[in-house]
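Encoded as structure tokens, the following chain is the form predicted alone, with no partner shown.
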Amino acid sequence: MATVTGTMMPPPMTRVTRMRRYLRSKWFAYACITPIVVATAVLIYYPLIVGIYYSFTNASGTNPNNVGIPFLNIPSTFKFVGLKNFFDIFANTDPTVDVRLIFLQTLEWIFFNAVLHFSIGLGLALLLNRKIRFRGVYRALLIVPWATPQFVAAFGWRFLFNGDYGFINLLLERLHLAPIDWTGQPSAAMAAVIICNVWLGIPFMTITLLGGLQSIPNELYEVAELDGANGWQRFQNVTLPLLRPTAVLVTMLDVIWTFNVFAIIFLITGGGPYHRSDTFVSYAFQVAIINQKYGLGAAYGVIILLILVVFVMIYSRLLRANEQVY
């Protein structure tokens, strides 16, 4: 056997030996993550796989045993229908609602929330970035909407939007303006849920943009001021270019979160009147749970999943581009 300076070389380890040694050194880490992996598989991946399977069936609530329970030997009574549910959605065959209108309302919901979140959040961030008295108190108060659970905020705003004794309509009457039926008029219902979601989302946008503003060196503003740039020119040529990477990322993340919002719409308007405040997410819930059309509702869920995958891919691409810049 070959030797080096008179010392015997140890025999090479086999793959099995290396694996045993690796597991012996890492067993505690694997023991810690095993419960998380099992819980994730049971609570997330299994329902996801079952939901995708149901999207290709005619499962509904017309039979108590319709969906079946395999491990209890309860048979299923639904049939595999292929892509029929998806064809029905894209062909707009539901006589009770126009799916194209739901899609347009989803775009409206995302657009107004994203624009208002960013514009108001940027304005507050610029204000809180200045040296003003009680700035710490203002920042602390700004976190309150963000820390409020969605269902609590929804119930609070629903009380404010009440047509008879809500604060907003009482204020309109004091101003000699006509009260608004916030949950009974289509345009008012969509405005109501947007107002509530904007109130909830502004703190996150403000705090994130404020962090981006504070990362901009003050020397750049001083140089621009020495060059004769006024306030707007400094904002346009210094603040916006350096804040753009953070702004793009946080806006994309806000779009993903806004698209997924369900509790606000369901608890304030229930998607009404006549589905005029519904989005894809809230309408999918109504189809699957309220109307008990599990297969069709699962098809909506798959479409929502694919849309979110596209959003996440765009967000990941922007995140990698942002990391390369810095």
Partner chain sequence: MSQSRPESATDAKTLAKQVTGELALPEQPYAPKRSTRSIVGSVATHAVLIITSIVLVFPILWIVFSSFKSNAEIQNTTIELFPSQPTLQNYVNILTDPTHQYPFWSWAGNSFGVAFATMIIGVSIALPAAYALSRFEFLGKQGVLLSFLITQMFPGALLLVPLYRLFTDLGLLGHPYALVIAYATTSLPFSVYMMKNFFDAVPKELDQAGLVDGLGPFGVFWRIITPLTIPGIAVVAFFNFMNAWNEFMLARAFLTDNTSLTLPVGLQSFVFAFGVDWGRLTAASLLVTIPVFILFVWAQRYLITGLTGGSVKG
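We call the rigid core whatever largest set of C-alpha positions still superposes within 1.5 Å between the two forms. The structure displayed is predicted, hence computed values, not measured ones. Residue numbers count along the first chain shown, from 1.
There is another form of the same protein, the form predicted together with the partner chain; it is not shown, and what comes next is about it.
Note on contacts: among L116, A188, I194, I256, the single residue with a heavy atom within 4.5 Å of the partner chain in the predicted complex is I256. With the partner omitted from this view, the residue of A91, L170, L104, L83 that lies near the partner chain in the predicted complex is L170 [heavy atom within 4.5 Å]. Put simply, F285 is close to the partner chain in the predicted complex: some heavy atom of it is within 4.5 Å.
Using a 4.5 angstroms limit between non-hydrogen atoms, E108 is distant from the partner chain in the predicted complex. Among heavy atoms of L318, none comes within 4.5 Å of the partner chain in the predicted complex. Although the partner is absent from this view, F112 stays clear of the partner chain in the predicted complex, with no non-hydrogen atom inside 4.5 angstroms. Although the partner chain is not shown here, in the predicted complex the stretch 131-159 places heavy atoms of K131, I132, R133, F134, R135, Y138, R139, L141, L142, I143, V144, P145, W146, A147, T148, P149, Q150, F151, V152, F155, G156, W157, R158, F159 within 4.5 Å of it, in sequence order.
Once both forms are fitted on their core, a CA shift of 2 Å or more is seen for G51 between the shown form and the other one. Core-aligned CA deviation for A178 between the shown form and the other one: less than 2 Å.
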